[in-house]
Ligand code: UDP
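Given as structure tokens, the chain that follows is alone and in the form predicted on its own.
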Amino acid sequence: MSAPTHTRIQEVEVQALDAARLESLIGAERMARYEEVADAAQASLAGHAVLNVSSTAAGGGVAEMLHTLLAYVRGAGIDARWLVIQGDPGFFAITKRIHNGLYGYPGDGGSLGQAERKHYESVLQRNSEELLALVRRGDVVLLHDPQPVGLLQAIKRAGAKVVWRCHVGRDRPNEWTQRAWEFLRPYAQEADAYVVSRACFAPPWARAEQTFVIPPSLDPFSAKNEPMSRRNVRMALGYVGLLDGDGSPPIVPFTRVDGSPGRINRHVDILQSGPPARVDVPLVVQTSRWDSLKDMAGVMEGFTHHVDPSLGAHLVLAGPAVTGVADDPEAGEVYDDCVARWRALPHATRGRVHLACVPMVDPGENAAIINALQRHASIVVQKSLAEGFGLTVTEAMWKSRPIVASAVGGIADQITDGEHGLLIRDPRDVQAFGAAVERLLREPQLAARLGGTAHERAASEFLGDRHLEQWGELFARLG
């Protein structure tokens, strides 16, 4: 493996959003508390910048979270910036292996030995030369996930304070988590603080006083979550090909991060046998990356083998276009495996299963399509084998959708079984998964009740004011 000869770090444009627009949703008391914390955070930073470093600006929950979070941080008067490192296929194969290891899985089964360490370091060395020109003494640098954490020591030598934000983890360590931690420890152990979504995800060497548990949040005004009328939902999905329609270009606006209006122009790349589902057909939907740990193939198996076809439901598995996520080398392989399994289904069954690759050229357009799909869904599912925090689960909760999900990682913190959705204890139990989906299809009153309580919990726990308060408290501690 050879390192790239030239590296240019990408700076992502971040808009400033005033969190005051949340007040209509959170109330005056929560808004006042947020403003107090924001003022304290701004004072503790004393004019220094907060730089976020990740490996992609699109295509996953981390990127989506940063678009929202940093916009509100900037709106609070803090100089927040977002930088994306560059790497080659060998680098991202190594970091995907580490990522899977932290979830407790071997990934591609490859090594994490000296050759991989040397390549990892050489790529990050080239990134560091440009990154360090942007870091000032006293700045706070947040490194997101395993990809950029090898930059930590160089950043500290530049006089900045460094926080490692690890978005992934496993409830119970095993040999693969141990291997991943051993690879990362030489780089991450000198962090000033660690941020995780669950306490049990913290590095084994991290002291309690260094560790902060901060679950992500959603922006209810983003293109992914903003209100959309039933008419516009149906028009949008009919146009892109996810529902039966006349294909006429819809005048369905969405709101971009900067507040300007956008419009859905592109179609979704769909693999299906026969026409799309009719508007009146129950739709079971999973939206996630084409990642083996999201278990799209298991969702297909559970639906096709264990949900009564006489109920008439269709399944949509929707993920980003496989070329649209730079740091995920497995996406194409996972999608191809789903396609092979789909082709092996009986013809009549294939007609009820749709594989969709949503275009990534325009992130706002992508978000608007997913928004429409989640809002139309009769049931949203997330049958992950492992999960740091299920952002798609929170999105479905906000939209009052009944949910069937695996009781793994952060999902178990988001949903109480039987109160906000139905949880599957064993994520590989496709029969239990199918039974839960079928139960909600047969019991619409239960589905409606779960959707309503899920929305209430999302409004209480997973909006930006709580998220920003926790980050403000961390900045104050670092100061």
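Only a predicted model underlies this, so the values are computations on that prediction, with no experimental measurement involved. One-based numbering along the sequence shown.
Another form exists, predicted in complex with the ligand; not displayed. Remarks below refer to it.
- Although the partner is absent here, Asn100 sits far enough away that none of its heavy atoms falls within 4.5 Å of the ligand in the predicted complex.
- When the ligand is considered in the predicted complex, Gly61 lines it closely, a heavy atom lying within 4.5 Å.
- Proximity of Glu395 to the ligand in the predicted complex: non-hydrogen atoms within 4.5 Å are present.
- In the predicted complex, the ligand lies within 4.5 Å of some heavy atom of Ser288.
- Residue in contact with the ligand in the predicted complex (any heavy atom within 4.5 Å), chosen from Leu391, Val196, Leu243, Val149: Leu391.
- Contact with the ligand in the predicted complex, defined as a heavy atom within 4.5 Å, holds for exactly one of Val358, Ala236, Leu143, Val380, namely Val358.
- With the ligand left out of view, the stretch that reaches within 4.5 Å of it through heavy atoms in the predicted complex is, among 444 to 452, 43 to 51, 431 to 439, 62 to 70, 62 to 70.
- The candidate spot formed by Thr56, His119 and Ser128 is out of contact with the ligand in the predicted complex: none of the three has a heavy atom within 4.5 Å.
- Along 366 to 388, a non-hydrogen atom within 4.5 Å of the ligand in the predicted complex is carried by Asn366, Ile370, Gln374, Glu387, in order along the sequence.
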